[in-house]
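Below, in structure tokens: the form predicted on its own, a single chain.
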């Protein structure tokens, strides 16, 4: 179990160390503030975790008083107490209502496995939660590039531009072998083919945590992390030894 926080990628820069004379490339991450929306316990849910929410959903431009945010009723009821028939029936029967964070609905909601007894619903978590960590794991989604061919997706060289090659210069070529002892002409598993390129969940492990700016809620992590500028990420203390 490790501690962590939600955030989004700001961009890359570099940090210069005057003593050693080294330049370190770093990625700037806007980490938090996050609100604890729900607490999972072993007795009730079978595991211990906290549910964090990051970045409030935008309010509508018109009629702000009647519509608190651009969120569904279920999303608003998850973070605040709203009147409903189910809650009225539960209150009349003597049931206990789940605690609410009393905050705005969030754009990014993720669960982190940790010791939930140290947190409370509605608690605000900032970047200083990682003050004791030296390395972190960053989880994000790579930049989506759509449906791509084999030359862009896998780096194939393509067909020749001469000697009878007509209108198939960027094709992948043969996809199966005809020999019976190699599989009888079927396409093998794992064959590199055209398809969706990018938009995959990637975890960069054991990245050095160079600096923490508590006032601005910024983390400086050595190296690159997945996703475009503005993409959401999950930053947690690494459990990788060495």
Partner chain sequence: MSQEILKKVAESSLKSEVPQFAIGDTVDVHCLILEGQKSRTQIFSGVVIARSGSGVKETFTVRRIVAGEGVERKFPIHSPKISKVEVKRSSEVRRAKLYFLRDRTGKAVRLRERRDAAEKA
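None of the values given here were measured: they were computed from a predicted structure. Numbering follows the first chain given and starts at 1.
Not pictured, yet referred to below: the form predicted together with its partner chain.
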Contact test in the predicted complex: residue 203 vs its partner chain, heavy atoms, 4.5 Å
no
Using a 4.5 angstroms cut-off on non-hydrogen atoms, would residue 228 count as touching its partner chain in the predicted complex?
no
I'd like to know whether residue 15 contacts its partner chain in the predicted complex, with contact meaning heavy atoms within 4.5 angstroms.
yes
Exercise: residue 177 in contact with its partner chain in the predicted complex, heavy atom 4.5 Å:
no
Can you work out which of 208, 186, 211, 192 has a heavy atom no more than 4.5 Å from its partner chain in the predicted complex?
211
Selected contact from 70, 41, 216, 196, since only one has a non-hydrogen atom within 4.5 angstroms of its partner chain in the predicted complex
216
